[in-house]
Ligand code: NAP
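First, one chain by itself in structure tokens, the form predicted alone.
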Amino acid sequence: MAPVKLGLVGIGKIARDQHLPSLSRSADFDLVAAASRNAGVEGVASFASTGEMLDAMPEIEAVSLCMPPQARHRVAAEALARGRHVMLEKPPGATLSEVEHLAGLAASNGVSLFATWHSRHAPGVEPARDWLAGKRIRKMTVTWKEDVRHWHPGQDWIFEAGGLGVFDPGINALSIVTKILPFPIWLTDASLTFPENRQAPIAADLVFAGPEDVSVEATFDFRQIGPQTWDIIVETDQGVLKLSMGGAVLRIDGEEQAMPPEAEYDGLYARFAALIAAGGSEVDLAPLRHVADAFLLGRRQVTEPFFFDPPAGA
């Protein structure tokens, strides 16, 4: 099959760090255009909006959306209604309802919708899932701590309503948890810490329950300085599994397992191509549902103001 002609929407940090390198390696897609209010991509046609891009280039078959979640629904709905396949960065939207609406639009227009969870494509995730199958899981501990100033420099949208705050990285952990556990879990307790000048949390502590009295606890924090922490530890009746570095490193009872190199976004685009070829969609909302439950159930704690560039004298 000829490569799918693709337009990339939202040319920010994640597009430049991940999407563009993966697209340059992909034999499945031909990047022909970009749409962004403030940036373009060298060597392809650039437009200020998705509508302008699709009007000018009707040959575009698919779009990949990298803008913040608050703005994604309108753009995705327009593309789906115009018969284009759509790939969504995580989280797939600002609310569950809007993503469910997109899934319905994709089905009614006969196109593919792919709500991606890039951390599920980390090299240790599938082996971890396979190892846990058939074992009695007693406890899972998730620690996801990173420096928001490093990963989202100056990106105030992440602390606005709908930006998810610390759940923007935390949902990556939840995407792995819901992939590797062989049973469902549900939230029983949550504490969310909000800077007094922000609308989204900077830290969260979550407790989940599951079958057979399994214990699942998660701690997320956007204030980590120095080495970053992305760990999931699972205690079972047959040993202890540890995923670290966001799923790139897998240890069983302390022994590191051989893993292929990290290629999360290469995996995403390969999966998107497979969905288009099969005429299918993939929209798993489990990670986003857990985040929504945390906002519903969580106790609100208030902490000091947060600034990307601390005020003079602070």
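All of these numbers come straight from a predicted model, not from anything done at the bench. Numbering starts at 1 and follows the sequence shown.
The same protein also has a form predicted in complex with the named molecule, omitted here; what follows describes it.
Q: Pick from 227-235, 77-85, 147-155, 128-136: which stretch has a heavy atom within 4.5 Å of the named molecule in the model of the complex?
A: The contacting stretch here is 147-155.
Q: Evaluate Ala270 for contact with the named molecule in the model of the complex, applying a 4.5 angstroms cut-off between non-hydrogen atoms, and reply yes or no.
A: The answer is no: Ala270 has no heavy atom within 4.5 Å of the named molecule.
Q: Is there a non-hydrogen atom of Gly10 within 4.5 angstroms of a non-hydrogen atom of the named molecule in the model of the complex?
A: It does: once the named molecule is placed as it appears in the model of the complex, Gly10 has a heavy atom within 4.5 Å of it.
Q: Would you please decide whether Tyr265 lies within 4.5 angstroms of the named molecule in the model of the complex, comparing each non-hydrogen atom pair?
A: It does: once the named molecule is placed as it appears in the model of the complex, Tyr265 has a heavy atom within 4.5 Å of it.
Q: Using a 4.5 angstroms cut-off on non-hydrogen atoms, would Ile14 count as touching the named molecule in the model of the complex?
A: It does: once the named molecule is placed as it appears in the model of the complex, Ile14 has a heavy atom within 4.5 Å of it.
Q: Please tell me which of Ala62, Leu31, Cys66, Leu54 lies within 4.5 Å of the named molecule in the model of the complex, judged by heavy atoms.
A: Only one listed residue qualifies here, and that residue is Cys66.
Q: Identify which of Lys179, Arg198, Lys90, His73 has a heavy atom within 4.5 Å of the named molecule in the model of the complex; exactly one of them does.
A: Residue within 4.5 Å of the partner: Lys90.
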